[in-house]
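Let's start with one chain on its own, the form predicted alone, as structure tokens.
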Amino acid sequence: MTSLPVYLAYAKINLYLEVLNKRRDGYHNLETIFQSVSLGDRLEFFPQPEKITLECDNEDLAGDASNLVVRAAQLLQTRFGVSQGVHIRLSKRIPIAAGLAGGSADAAATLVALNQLWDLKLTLYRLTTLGLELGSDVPFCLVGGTKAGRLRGQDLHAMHSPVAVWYLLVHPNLHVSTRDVFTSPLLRPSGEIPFAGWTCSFRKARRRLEDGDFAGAMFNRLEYVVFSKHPELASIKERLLRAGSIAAGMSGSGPTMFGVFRSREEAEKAAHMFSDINTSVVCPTLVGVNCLEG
């Protein structure tokens, strides 16, 4: 069975996340700074007649139309009248429902790969528009790197990459409902955060991050809501800071927490302090799923 080259779908973290007003479509406008990291899934695409099928090495991930990979393939097939099918093989490395955009990254990889396989000749702008139908993080996952995002996150602006650092990702075995977080009465868009007492403006955060000042810039509006229900995540943040991270925070709506370290050695040393929790030591990556493996 002939396949395309393997595609890498990279995870993301949010170095900054502010929630603004609620939109008419039910989503919220955001200000965020995305950073793709070297933790990634691998996807292979095999041409076949008509049907879209998915196999995954993680049995907890559904292979039907509830999966963003299948939905991305079906969207292209139906929207552009494609008669061909595809069998997709997914090797899952990004934890599921972890606030790392694993599903969105896989969907983005699928859009890019099938645009090539089915010779659709869609521009990046068109893929971005389609990606937004699948999820708010898909447009960023199409390009990766370090980006400032507005609106639902799809209005992306390039940033100078922060100084070289390593991230320790801590993945507790918790489920956090993104819907519940954004509908919580504890969410106070652009207001005072009781447990933090301060905010850093988006413009200032961008400037500070480009200067390497992570401690002065990192911020996540959703932490107060999530920590109120899951105080153990606040404890992980404190543990990361005690372990030597220069800054620590939550990615997206969680539950993944991350710490920023100046070297891989420091991050790996800190990881030993979290032997009770699944961890990953990763570096920033400046490419998205447009990059083929190798």
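One rule holds for the numbers: they count along the sequence shown, beginning at 1. Treat the numbers as computed from the prediction; the structure is a model and nothing was measured.
Keep in mind the form predicted in complex with a small molecule is missing from the figure; the text below concerns it.
- Only one of the listed residues (L39, V70, L30, I33) places a non-hydrogen atom within 4.5 angstroms of the small molecule in the model of the complex, and that residue is L30.
- A heavy atom within 4.5 Å of the small molecule in the model of the complex is found for exactly one of Q77, S91, T178, T128: T178.
- Of the candidate stretches 113 to 121, 203 to 211, 81 to 89, 135 to 143, only 135 to 143 contains residues with a heavy atom within 4.5 Å of the small molecule in the model of the complex.
- Among heavy atoms of R152, some come within 4.5 Å of the small molecule in the model of the complex.
- G26 belongs to the set of residues with a heavy atom inside 4.5 Å of the small molecule in the model of the complex.
- Contact annotation for F182: at least one heavy atom lies within 4.5 Å of the small molecule in the model of the complex.
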